[in-house]
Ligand SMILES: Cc1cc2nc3c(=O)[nH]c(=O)nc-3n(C[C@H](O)[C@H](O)[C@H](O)COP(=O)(O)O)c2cc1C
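Presented below, as structure tokens, is a lone chain in the form predicted alone.
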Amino acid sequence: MKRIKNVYALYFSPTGGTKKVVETLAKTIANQLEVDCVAVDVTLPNARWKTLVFGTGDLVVFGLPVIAGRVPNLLLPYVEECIVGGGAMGVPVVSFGNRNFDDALVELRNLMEQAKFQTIAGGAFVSEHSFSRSLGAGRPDANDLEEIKAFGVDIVEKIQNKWQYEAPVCVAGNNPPNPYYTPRDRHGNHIDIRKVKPKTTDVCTGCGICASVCPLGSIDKENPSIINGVCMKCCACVKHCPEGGKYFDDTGFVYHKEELEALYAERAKIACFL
């Protein structure tokens, strides 16, 4: 069995839910193993310019939010080109907004395997939905965190039981993944929100917080009402604005948000795989 020297909490987390999950799990594992836990936050553009190289002796808990049932497509080039496992143990983690994680976990597992991680476990956890303040509100909550910690203990037990890598961890999902989830209206017609961008109200003070938290660097720092680049609908700008000055008013976006809140209000369960 390879001795773990470092545990890494690696995450992309625009609104903080994925960060909370990954850091809780990674810290639990590190505490059980009595080693250091290092947080690696790749949410902002300036954190994704260099290659991350791990190796034997490392265990990496890697977390991403689920977007349309998959790994965020705008992050795929970075994940595929700039993260190197080098034989490290890997734990893929996805956080979803109380609907479903669909094929995101198996997709992230596959990406980590391609990067030469040896995946030992994987999990899908609920965080507040990026579009909504009611869907998955407050999650991960105290009950979730206890389950995450218990999962961390189970991972350490698996390591200490002289686990040897033979195959990727078995997780739920279609392999290869299905196409990205496409929202539909009540008549079955596709709702296309890919080019939708947030708008700005008159309460904006120009503080620039929205520009500073945009994971794609798309909001103009001098004039936050201008969106110069692509919007991934992570809603970091909406949820971090202290004045409530960012919002979406696209008809399709609003309809999709309201449908999600109506159809998936019941508390979704987390899923852990060893």
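Just so we're clear, the structure is a prediction, and the values are computed from it rather than from any experiment. A residue's number is simply how far along the shown sequence it sits, counting from 1.
Heads up, the form predicted in complex with the ligand isn't pictured, but that's what we're talking about next.
Looking at Asp144, you'd find every heavy atom of it more than 4.5 angstroms from the ligand in the predicted complex. With a 4.5 Å cutoff on heavy atoms, Arg99 counts as touching the ligand in the predicted complex. Though the partner is left out of this view, Lys233 does reach within 4.5 Å of the ligand in the predicted complex, counting heavy atoms only.
Proximity of Val42 to the ligand in the predicted complex falls outside the 4.5 Å heavy atom cutoff. Contact check at 4.5 Å (heavy atoms) against the ligand in the predicted complex: none of Gly90, Asn110 and Pro168 pass. Contact with the ligand in the predicted complex, judged as any non-hydrogen atom within 4.5 angstroms, is confined among 61-69, 33-41, 48-56, 201-209 to 61-69.
Contact residues in stretch 124-147 (any heavy atom within 4.5 Å of the ligand, taken in the predicted complex) are Ser127, Glu128, His129, Ser130, Phe131.
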